[in-house]
Ligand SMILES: CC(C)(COP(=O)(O)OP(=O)(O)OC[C@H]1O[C@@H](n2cnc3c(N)ncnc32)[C@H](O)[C@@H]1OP(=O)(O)O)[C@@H](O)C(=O)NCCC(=O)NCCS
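Before any questions on how it binds or moves, here is one chain, the form predicted alone, in structure tokens.
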Amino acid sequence: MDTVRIISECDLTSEIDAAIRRTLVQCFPKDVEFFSRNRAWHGCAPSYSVLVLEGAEVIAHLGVVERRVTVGGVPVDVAGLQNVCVLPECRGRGLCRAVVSAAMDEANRRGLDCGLLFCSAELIPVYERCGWQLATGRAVVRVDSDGEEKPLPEGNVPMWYPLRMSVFPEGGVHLGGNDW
């Protein structure tokens, strides 16, 4: 059985960081230049990472960004999933479900209101099988590195996961920073 590990960013060793980046490079080949150097997508570093190791190799991973956002003007503390991936040769073993489930259990333990992620349309069924719900039909505003408010980039579908809140508030989502 594969063991899921949760590692706070402050406890992440340089060896694990390098192993995560190697996996990200394999899973996101169009972003090789970025992930070979960094994991903080759009400058958003995770608070904790959830991973599955096989030897020294990370075979499944996701990072969780903890942030207070507003939804319809209501402050919401979210666990933002980023860089969710499973090595191609390891898919079909339930590893995505395992890391996502562990991430949400940890977010619940930390007292966060809900999970929030942005995915492509073809990944919606994957997350729905893990209990995520669509949060479409609303504006999502991010703040880029220049401080300018912009809409979420085209093709990013917002989804949420209930934790302390059972209903996602109505209205637009303001990320209070860049998307992750």
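Quantities reported herein were computed from a predicted structural model and do not represent experimental measurements. We number the residues from 1 along the sequence you see.
From this point on, the text means the form predicted in complex with this ligand, which you will not see here.
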Heavy atom to heavy atom, is Phe28 within 4.5 Å of this ligand in the model of the complex? yes
Is Arg37 one of the residues lying within 4.5 Å of this ligand in the model of the complex, judged by heavy atom distances? no
Is the gap between Arg97 and this ligand in the model of the complex 4.5 Å or less for some heavy atom pair? yes
Would Trp132 count as touching this ligand in the model of the complex under a 4.5 Å heavy atom rule? no
The single option of Glu122, Glu149, Glu128, Glu54 touching this ligand in the model of the complex, heavy atom within 4.5 Å: Glu122
The stretch from 114-122, 65-73, 140-148, 44-52 that lies within 4.5 Å of this ligand in the model of the complex, judged by heavy atoms, is 114-122
